[in-house]
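Have a look below at one chain only, the form predicted on its own, in structure tokens format.
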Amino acid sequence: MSDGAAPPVTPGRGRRPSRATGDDRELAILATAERLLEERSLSAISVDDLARGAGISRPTFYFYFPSKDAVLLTLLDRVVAEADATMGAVFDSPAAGPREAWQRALAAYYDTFRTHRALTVAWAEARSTSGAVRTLWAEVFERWVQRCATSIEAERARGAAPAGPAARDLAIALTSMNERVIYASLSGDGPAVADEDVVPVLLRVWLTAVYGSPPD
């Protein structure tokens, strides 16, 4: 993972060294934040830490972000976009059957957040103190609930899944379960499913809830 500093540039003969662009500095701040979150909590990271790691001054930091919480929100936006793109590709790709389709969707969801383990834990913890984080996560959660509810309704419409609780209610319950199980596995908070068992366990519960019994 990047340490947040821009890579050295070897200047051409007779030319001055290239200067970092605004985008380079913003990316350096984001990379620094993700690296530092691997080491300590957001509350233990200061704006000075972020600026120093990105190789910029404190005033320059504020040109790009109004606060360190804004850095966290930007990182959340980026990882959610990554998860959305990955899951969208899964939902849009043909699968051999329901088991494979749901397994691929759950694995894509879990793998994305596991790749950004420290960020996932930081976001979960920040929701208790940051209204902006809560609002953004609620929007993300709603999108995923709608996508899953649509899939459940489609399975019922084609006769693959029996009638049951409202598809939206079932999607809310199952997506909430995903969130808690994945957070516990990544953070070690309370009883937790082992990393290698997260997707198989979630898959079994999803298939049983949607289809009544796991389909072949």
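All residue numbers refer to positions in the sequence shown, first residue = 1. Between two forms, the rigid core is the largest collection of C-alphas that superpose within 1.5 Å. Nothing here was measured: the structure is a model prediction, and the numbers come from that model.
In what follows, reference is made to the form predicted in complex with another copy of the chain, a form of this protein that is not presented.
*Asks:* Using heavy atoms only and a 4.5 Å cut-off, determine which of L50, L37, V181, I152 is in contact with another copy of the chain in the predicted bound form.
*Replies:* The residue from L50, L37, V181, I152 that makes the contact is V181.
*Asks:* Is it true that I45, D111 and A132, all three, sit within 4.5 Å of another copy of the chain in the predicted bound form, judged by heavy atoms?
*Replies:* Result no, not one residue of the spot touches another copy of the chain.
*Asks:* Heavy atoms within 4.5 Å of another copy of the chain in the predicted bound form: which stretch among 84-92, 67-75, 138-146, 103-111?
*Replies:* The contacting stretch here is 138-146.
*Asks:* Does another copy of the chain come within 4.5 Å of any heavy atom of G164 in the predicted bound form?
*Replies:* Result yes; G164 sits at the interface with another copy of the chain in the predicted bound form.
*Asks:* Heavy atom to heavy atom, is R117 within 4.5 Å of another copy of the chain in the predicted bound form?
*Replies:* No, no contact at 4.5 Å.
*Asks:* Is L174 a contact residue for another copy of the chain in the predicted bound form, using a 4.5 Å heavy atom cut-off?
*Replies:* It does: once another copy of the chain is placed as it appears in the predicted bound form, L174 has a heavy atom within 4.5 Å of it.
*Asks:* Even though the partner isn't displayed, in the predicted bound form is G190 close enough to another copy of the chain, meaning a heavy atom within 4.5 Å?
*Replies:* Result yes; G190 sits at the interface with another copy of the chain in the predicted bound form.
*Asks:* Considering only 187-213, what residues come within 4.5 Å of another copy of the chain in the predicted bound form, judged by heavy atoms?
*Replies:* Result: D189, G190, P191, A192, V193, D197, V201, R204, V205, L207, T208, A209, Y211, G212, S213.
*Asks:* Could you check, with the core superposed, whether the Cα atom of A154 shifts 2 Å or more between the shown form and the other one?
*Replies:* Comparing the forms between the shown form and the other one, which are aligned on their rigid core, A154 does not shift its C-alpha by 2 Å or more.
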